[in-house]
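A lone chain, given as structure tokens: the form predicted alone.
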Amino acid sequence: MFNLFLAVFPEIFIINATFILLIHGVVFSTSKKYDYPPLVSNVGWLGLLSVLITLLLLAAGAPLLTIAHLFWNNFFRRDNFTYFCQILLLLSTAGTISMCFDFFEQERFDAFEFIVLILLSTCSMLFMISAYDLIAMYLAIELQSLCFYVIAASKRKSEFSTGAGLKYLILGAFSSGILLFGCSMIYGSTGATHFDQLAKILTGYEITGARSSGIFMGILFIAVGFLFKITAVPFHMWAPDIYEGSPTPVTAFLSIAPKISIFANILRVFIYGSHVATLQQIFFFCSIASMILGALAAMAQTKVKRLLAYSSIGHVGYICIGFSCGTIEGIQSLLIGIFIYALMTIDAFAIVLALRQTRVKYIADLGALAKTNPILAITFSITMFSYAGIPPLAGFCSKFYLFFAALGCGAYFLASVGVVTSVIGCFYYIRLVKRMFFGTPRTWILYEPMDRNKSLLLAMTSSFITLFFLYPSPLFSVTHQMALSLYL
């Protein structure tokens, strides 16, 4: 019993820390005695500290995870897979919070609730990753979505931000409804919501008749709900507008954190069952469509954030290759792809935030960045080359592993589409680099020095991206253990 309490202690800690920060913010920001102080930076640092302590608590609980534990009435499951995904989620949250502080000063942004909502959505995603029941999974997804609707519209004076929040609310509610309808159809056809029971029902014997079609439609609706949340084509229509309209730190968070938790859920829900072949076909189609649309649509973009949004859609397509394979190597390559994608995206958005100080919005504004800020231009170039999959950077290693997993299971068409779209993607990534090194800007901009938090963040992520190829085996062995723990 004590071991199980320790296993869930990180979640308990971060929930309590979030509520304490909320009370702290409300009490002091409305205090006449302290002259109504702006608390967003203060709450931000405390929030970052809370995330890092949660990370340490997770690492301390790791030895307890040699076998899988089910707890809280079998609603949640702890194993190596849960542990690694939660660590990656907390690292990406810490990265997002650490790049916010300069943004708060530049934009005179004084809503401490922003950090509280990011922490609350992180709590819900931690529960989402360990959810082992359809009810627990849906409740966690819903809490996460509610937080996202508010933080997307957190710049209340900007019509773009409020428009992004409204679009996200309407389309997100639609996708949540589809997901819930799928869960209810599965419960109606099987009488079970627990993943273990569903695995036994779906793999134990052949289901025929009306029950079979009910289960099939339920799984189909759940798959559509998930694909909507990870912005896979053809359910991507909301992503570019919301990524462009939201404040840049929110866009960074939306690009990384939900994808980690939703992919973890997809693997948990769909790893068993007689309908896996049909799901593989759905993911196969979505993977190809996402890669093609991501590559072609990004070529026409003139704004940096919209380009990154379509790039994100394309990368979701690459990561879906891992699930389409249906093998342990495929799942391992998916996990490696998510890890490297998260690091590259943190890197890219930290640079975009550093450039936002001088109101860089269009790709044309990046002209001659190499002359005014050469180190930032080189870092951005490394990130773009890694996105494009140019060896020996980390992005190449993740694509290489995904394509080899596809070839290993006989999906030659999928691998060939991936290679072709990677080559097309090189055009718009290298166009950014060309603009920075050889372009002439419409107006010359003097770039201000970057703050220390973003400098440290960029140094760590860029070093990893550049030097990953020298020693990739720790990540490979960890992801292999995770893929195995899904089946055990």
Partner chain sequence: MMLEHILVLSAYLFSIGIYGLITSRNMVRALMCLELILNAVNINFVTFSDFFDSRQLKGNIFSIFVIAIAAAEAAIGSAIVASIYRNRKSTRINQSTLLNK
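Positions refer to the first chain, counted from 1. The structure presented is a predicted model; accordingly, all values stated were derived computationally and were not measured.
Omitted from view is the form predicted together with the partner chain, to which the following refers.
Every residue in the set Ala153, Leu180 and Arg306 has a non-hydrogen atom no more than 4.5 Å from the partner chain in the predicted bound form.
Screening 171-179, 402-410, 256-264, 280-288 for residues having heavy atoms within 4.5 Å of the partner chain in the predicted bound form returns a single hit, 171-179. Of the listed positions (Phe195, Phe221, Phe109, Phe339), a single one reaches within 4.5 angstroms of the partner chain by any non-hydrogen atom in the predicted bound form, namely Phe221. Interface residue among Gly294, Gly389, Gly330, Gly165, judged by heavy atoms within 4.5 Å of the partner chain in the predicted bound form: Gly165. Mapping the unseen interface onto this chain, Asp241 counts among the residues with a heavy atom inside 4.5 Å of the partner chain in the predicted bound form. Looking at Cys397, you'd find every heavy atom of it more than 4.5 angstroms from the partner chain in the predicted bound form. Remark: Ser212 does not count among the residues lining the partner chain in the predicted bound form, judged by a heavy atom distance of 4.5 Å or less. In the predicted bound form, the partner chain sits within 4.5 Å of a heavy atom of Tyr149.
Contact residues in stretch 118-143 (any heavy atom within 4.5 Å of the partner chain, taken in the predicted bound form) are Leu134, Ile135, Tyr138, Leu139, Glu142.
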